[in-house]
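Shown here is one chain on its own, the form predicted on its own, set out as structure tokens.
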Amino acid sequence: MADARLRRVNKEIADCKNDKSSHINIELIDNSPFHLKGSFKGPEDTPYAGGHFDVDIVIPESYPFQPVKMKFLTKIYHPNVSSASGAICLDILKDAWSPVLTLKSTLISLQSLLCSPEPNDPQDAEVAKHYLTSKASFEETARYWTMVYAGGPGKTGSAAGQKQDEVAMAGLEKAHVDQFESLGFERGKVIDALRRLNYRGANVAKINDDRVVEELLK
């Protein structure tokens, strides 16, 4: 069984290396064929375009009858990926797995997930709320994360722009953060509170200032 697993994984790694058209790369971590790093480019016409994304891959003992374990190593702003841990919500990594799937086809599915987020089945509930509240604002934040963490296009801010960067990372409006900071609350606390309340887009009109202050005083 162990030999069959090793043969299968080695064949899949070789197939991926020989396929120049998919632009999917797989390399060994610590010379182990059962701990790998997959990588791919962010799809065009998405907020992830121009970025380079790395994925940690662990091959379980009963592979291919059990799904591979994957998580993003590159931080990414996406409803189906934890912005904290890189954990992924994708059916083929759980109950929809099939032994006919390969490392390459699974990574391609992951790349496709960046084109078609599924906010109603989220891994990161806060990011999903942002997506559902204001897709344009979500895409702006996802683009910013791609620039900062995945080498995507754009200019990283100078030290002087750091305050605004923090706000952009959270997908909030600078004016909203400044408004509550001017009441004497610490900027980081304001950002956390507004993010928790999903203070974005049409939601801003539904959340009165007292509710924000109540959250800040917790």
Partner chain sequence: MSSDYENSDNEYFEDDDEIMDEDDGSASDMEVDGFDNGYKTIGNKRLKSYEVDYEPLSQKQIEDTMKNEIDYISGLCGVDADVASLLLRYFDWNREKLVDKYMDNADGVKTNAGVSPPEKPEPSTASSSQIESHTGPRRSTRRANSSEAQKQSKTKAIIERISPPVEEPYMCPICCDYNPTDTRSLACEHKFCSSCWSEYIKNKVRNEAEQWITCMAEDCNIAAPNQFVQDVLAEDPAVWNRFKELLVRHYVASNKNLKYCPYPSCTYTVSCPSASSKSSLTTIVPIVTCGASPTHKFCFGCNIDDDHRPVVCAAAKLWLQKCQDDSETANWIKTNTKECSKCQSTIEKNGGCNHMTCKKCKYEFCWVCMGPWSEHGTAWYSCNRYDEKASIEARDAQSRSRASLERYLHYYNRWANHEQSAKLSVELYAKTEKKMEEMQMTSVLTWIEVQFMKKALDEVSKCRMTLKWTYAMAYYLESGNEKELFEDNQRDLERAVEELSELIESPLDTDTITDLRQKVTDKTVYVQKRNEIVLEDTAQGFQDGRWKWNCSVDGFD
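Positions refer to the first chain, counted from 1. What you see is a predicted model, and the numbers here were worked out from it, not measured in a lab.
Omitted from view is the form predicted together with its partner chain, to which the following refers.
Picking from 61 to 69, 37 to 45, 173 to 181, 188 to 196 the stretch near its partner chain in the predicted complex, with a 4.5 Å limit on heavy atoms, gives 61 to 69.
Although the partner is absent from this view, residue 211 stays clear of its partner chain in the predicted complex, with no non-hydrogen atom inside 4.5 angstroms. Residue contact check for residue 23: none of its heavy atoms lie within 4.5 Å of its partner chain in the predicted complex.
With a 4.5 Å cutoff on heavy atoms, residue 206 does not count as touching its partner chain in the predicted complex; it lies far away.
Taking non-hydrogen atoms only, residue 11 approaches its partner chain to within 4.5 angstroms in the predicted complex. Note on contacts: among 98, 112, 85, 120, the single residue with a heavy atom within 4.5 Å of its partner chain in the predicted complex is 98.
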